[in-house]
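The form predicted alone is given below as one chain in structure tokens.
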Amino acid sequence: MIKRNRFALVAGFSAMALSLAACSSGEESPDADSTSGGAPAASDECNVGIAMPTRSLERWINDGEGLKARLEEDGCTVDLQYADNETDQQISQLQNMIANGSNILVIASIDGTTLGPVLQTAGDADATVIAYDRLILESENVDYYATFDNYSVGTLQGEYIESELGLADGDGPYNFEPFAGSPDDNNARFFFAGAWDVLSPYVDSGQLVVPSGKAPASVDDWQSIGILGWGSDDAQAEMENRLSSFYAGGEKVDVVLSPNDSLAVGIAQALRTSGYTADDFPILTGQDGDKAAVTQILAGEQSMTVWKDTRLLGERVEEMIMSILAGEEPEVNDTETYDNGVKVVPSYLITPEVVTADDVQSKLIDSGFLQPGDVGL
């Protein structure tokens, strides 16, 4: 694969965009829900549709708006849409993007198994499809995938629990409650698999005890403890049910595996309602570096988050798009792992990292990912 000088490429493309601007129609998109603001098309050569799943999670707002801003600086026409976690709505938005001439589609899918027909339409229109952070399944019309190393996300969570509890040294038993992500999100399996491969031997040995019985028999059974739509309220309700049903005799939860921050926020609320304080909060994992979760970390109510700097993901997708427009193959670093059931999708994986209370300032604040006021600093 060809590794490109991003800034030289962007500069060259911007010059091309200026020369093409005179040929642009300058008409506003007929899609009234577009967030592109009706700006005139900067280039017919770069017309990007960005389909994000929802505005209900902080990270998707940041991802969509950040990528849109980058591409518009490059002279691209951008149609950014959010689908309220409704699959039919996302399909309709994609159909409109294709009809309006989007020659590149960046899609963070809601349900990765339902997009086959609309992606066939995209393929017939010679549009390039980049799956964004969530692999699109069962379609040959997925050209590239940009994401974080999702198995490593779970591994980092599992290894954190292993280290903090001294499991490798034989310590235990500890009361343990595992959660998994949305059953319709392919990434959720990777998150759970990474963690479970570390932790399941300790469940088998009895060092981690699951009073609720919600311990999957294997990684393949992860959906049995999944929280549909990654909902904080649903995670809270599930944790409240476990606490009232299996910890009513005064037993304490020692550790909770939460695959992301949205679930961790709901789980923490259930724990607070049940009388847990920062002094006896269980180990609680997370992912994404969301403001609410980082606030919990600083308050001693969440132990860690796996930080995926989504700005890096936006930069990578931008670079992919610039390479495609230049007629070159985008850089990838994985051509084996992500089989969508029809093909192995060429992928670029970014490495995540653990953030604890000790790291919030140096990693999240100093990098500009969060502002001090976002988390009460």
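The numbering used is simple: start at 1 and walk along the sequence shown. What you see is a predicted model, and the numbers here were worked out from it, not measured in a lab.
The discussion below concerns the form predicted together with a small molecule, not included here.
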item: Exercise: residue 149 in contact with the small molecule in the predicted bound form, heavy atom 4.5 Å; value: no
item: Residue 46, heavy atom within 4.5 angstroms of the small molecule in the predicted bound form; value: no
item: 4.5 Å heavy atom contact, residue 316 to the small molecule in the predicted bound form; value: no
item: Exercise: residue 288 in contact with the small molecule in the predicted bound form, heavy atom 4.5 Å; value: yes
item: Residue among 191, 82, 144, 281 with a heavy atom within 4.5 Å of the small molecule in the predicted bound form; value: 191
item: Contacting member of 236, 102, 187, 303, with respect to the small molecule in the predicted bound form [4.5 Å, heavy atom]; value: 187
item: Segment that reaches the small molecule in the predicted bound form - one of 127-135, 87-95, 69-77, 295-303, heavy atoms within 4.5 Å; value: 127-135
